[in-house]
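Only one chain comes next, encoded as structure tokens, the form predicted on its own.
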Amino acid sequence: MAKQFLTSLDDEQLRSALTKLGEPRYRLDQILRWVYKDNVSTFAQMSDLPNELRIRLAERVSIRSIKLQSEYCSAEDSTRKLLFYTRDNHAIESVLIPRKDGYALCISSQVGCGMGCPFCATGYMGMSRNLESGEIIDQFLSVRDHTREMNQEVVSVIFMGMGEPMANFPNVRKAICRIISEDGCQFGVRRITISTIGVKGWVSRLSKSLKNVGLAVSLHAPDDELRMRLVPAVRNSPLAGLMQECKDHQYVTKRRTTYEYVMLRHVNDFESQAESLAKLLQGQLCHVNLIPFNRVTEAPFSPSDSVSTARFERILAGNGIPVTVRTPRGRDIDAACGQLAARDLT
């Protein structure tokens, strides 16, 4: 019988398994502490459990569902990319981005991506499968353990790696609940952000289920016609509806929405488009990230030049829209925005 993965099991499933083994209820608290607070990866390390129980659990359950295969460190800015393999030999990637007080962790939610954005390397992979909640949690646990070995901490988590988080929301939600829970990793919910393309209804679903989680929307265009070319999966999700959902989210959460906008030369970087974007976002509690396009072999685009980007930024700011031009990180190891494709560089 195939082993289960502990991090994919909820408390009720774990409690039931322990009851069948004739164990008292407090064993659950012990196991949860070892896995989520002490970061152990084997039952043998759980020293306050009876040895017989440790052996029986190890026969039935594996703690980690993914395995670190390779790690790459950018010579340019110390960004780190970690390549993991799942139990069925799929490759996924996580990215550690240096911050002043630790690392931001960019986490994956799917193997590949089915959204088909033509400027993104992950989109060209296509969609293989959703990650289980345990595979998402295990990225956090593995990377947290890794950063602590460097005397650092993960200070924020961004669901902006491989995949569309809202297309795998049940598993993403389950993973986040474990990461933030008192008997889980006790990680602050307001330090977690979900990035989405914003298919109709997705932002509203997030507002109802995880209202204290940050929201980033992959916008990339100020009008429906261009946006449907750049983000094909939103063809039945007009911008007007998305903007209303985002405004509602801002009202409910009292948190600003971050709009991600990849700058593509002679595609979405014209002065008139900056004016249209400013009008679209007027009055919102928001911030715009202008993202330099990171070259992808398959993609038929070029990055906007510095003059066009500066002009775009100036127009938004002049209309009262908070805006930042994001500094690319990890380009030399294919870890920058839009470059994740789970390729082993060795």
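Model, not experiment: these values are computed from the prediction. Start at 1 and count along the sequence shown; that's the residue number.
Beyond the structure shown, there is the form predicted together with a small molecule, which is absent from this document and is the topic of what follows.
Heavy atoms within 4.5 Å of the small molecule in the predicted complex are found in one stretch of 171 to 179, 92 to 100, 243 to 251, 155 to 163, which is 155 to 163. Remark: residue 34 does not count among the residues lining the small molecule in the predicted complex, judged by a heavy atom distance of 4.5 Å or less. Contact annotation for residue 62: none of its heavy atoms lies within 4.5 Å of the small molecule in the predicted complex.
In the predicted complex, at least one heavy atom of residue 293 sits within 4.5 Å of a heavy atom of the small molecule. For the chain shown alone, residue 220 is a contact residue for the small molecule in the predicted complex, at least one non-hydrogen atom being within 4.5 angstroms. Checked against the small molecule in the predicted complex, the residues 120, 131, 215, 137 give one hit for a heavy atom within 4.5 Å, which is 120. Note on contacts: among 323, 337, 18, 333, the single residue with a heavy atom within 4.5 Å of the small molecule in the predicted complex is 337.
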